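The chain below stands alone, shown as structure tokens; this is the form predicted on its own.
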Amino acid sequence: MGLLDYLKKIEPDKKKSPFLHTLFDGFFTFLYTPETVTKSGSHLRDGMDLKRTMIHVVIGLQLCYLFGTYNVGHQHFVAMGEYLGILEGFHLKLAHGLIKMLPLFIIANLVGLGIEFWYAAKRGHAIEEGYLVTGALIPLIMPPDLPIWILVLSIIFAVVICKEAFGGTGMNIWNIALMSRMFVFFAYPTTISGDEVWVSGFEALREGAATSYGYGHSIFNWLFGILDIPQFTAGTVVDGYSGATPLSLAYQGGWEAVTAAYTTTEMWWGMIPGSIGETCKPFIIAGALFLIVTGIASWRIMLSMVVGAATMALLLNAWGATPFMDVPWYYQFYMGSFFFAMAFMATDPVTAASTNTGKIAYGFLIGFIGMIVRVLNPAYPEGWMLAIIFMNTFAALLDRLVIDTHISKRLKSA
């Protein structure tokens, strides 16, 4: 008996055990394409379903995960003044990154998918696979030391209030991963803003503060002891270290303050403090190109967002009223999470505009408005989260305007 026949044989009854059937259906459709497919009467037939579409996005995020995990460890040791070279203490940096990243990833997916499964069972339909991407995105846009209970609350809020309340996957107005981050930002701002939250593993990020190691570090120390390689040892934050991000420095002292702390190479390759997945620009761009080539994400949104951000940055350069405005427009792309927001957040097909012209306007306005928020908002020197959520709200209106314009033109020609 083949695996397919065996799985069909043990399939739970949908009426007697709706929750077990929902779990089974999710596992079955992960392994196989749906049994009900279009075989005739359509010119569009392939093996793609929503789950496989979502998995493409998860694949595009993998380089961000690899680098982000390592950079969490790198920033930790830089704060102690140890292993300053990129590859020095490689095993320690990777281990520390895994200790911080894995709980965020596991909890984000357990909580979010648990809610999805419960709603699917209650509604009597198959599991909606949209959370596969959300569960992969949320850990990448959070600080590495974010308390788990806050992460849980943010996911419950985003999935229940901003998704399931609207009808589930495909019905939500706003990007769910960004709504989770927005909940944390407004409800617990000290855990996601400022300079201290982006470097992990310390009681507090100030001179002389001691490391805060736990069971995970002890387990790795046991393994490293067997391998007879350097282990985690208690340390403190070195004198003069602040952990300031390039955006924070730019707001305080302009481009000179930024380059005094970081080189353009470090910013481009991502060896700087920041959200876990946002720092390495080449890897993010590689993921964006993968999504474009596979047809998952819209190049129109990405390109127009770059144009919109560059346009506003040039206008701010011309104004030059503050040091931040004087940052050369092209270096604005070296700092912060612009590319990550462009590639993986703005292009969400559910919450973005659907028409080609609407996509161009949608992306341009995100870049334009986001740069205004980044440079002119003293409380939050970054703007893509707010700009994307704002434009999510108006995406349907943009499509309506485009469609009405097309109808009007055709009526005139008729």
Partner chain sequence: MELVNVFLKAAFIENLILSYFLGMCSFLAVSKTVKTAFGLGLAVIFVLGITMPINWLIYTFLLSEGGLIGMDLTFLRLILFIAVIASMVQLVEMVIEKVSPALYNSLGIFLPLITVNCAILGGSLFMVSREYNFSESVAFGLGGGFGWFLAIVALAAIREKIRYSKVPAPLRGLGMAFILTGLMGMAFLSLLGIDPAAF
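Computed from a predicted structure; not experimentally measured. Residue numbers count along the first chain shown, from 1.
Just so you know, the form predicted together with the partner chain exists too; it's not on screen, but the next bit is about it.
- Site residues F157, I369 and I372 are all in contact with the partner chain in the predicted bound form, judged by any heavy atom within 4.5 Å.
- Note on the partner interface in the predicted bound form: the residue among L92, I192, M312, C162 having a heavy atom within 4.5 angstroms of the partner chain is C162.
- Of the listed positions (Y262, F220, F339, F183), a single one reaches within 4.5 angstroms of the partner chain by any non-hydrogen atom in the predicted bound form, namely F183.
- Contact with the partner chain in the predicted bound form, defined as any heavy atom within 4.5 Å, is confined among 166 to 174, 142 to 150, 340 to 348, 196 to 204 to 166 to 174.
- Taking the partner from elsewhere, M325 is found to have a heavy atom lying within 4.5 Å of the partner chain in the predicted bound form.
- Residue contact check for I389: one or more of its heavy atoms lie within 4.5 Å of the partner chain in the predicted bound form.
- In the predicted bound form, the partner chain stays beyond 4.5 Å of every heavy atom belonging to K281.
- Residue contact with the partner chain in the predicted bound form: W319 places a heavy atom within 4.5 Å of it.
- Within 4.5 angstroms of the partner chain in the predicted bound form, the stretch 369 to 387 places a non-hydrogen atom from each of I369, I372, V373, L376, N377, P378, A379, Y380, L386, taken in sequence order.
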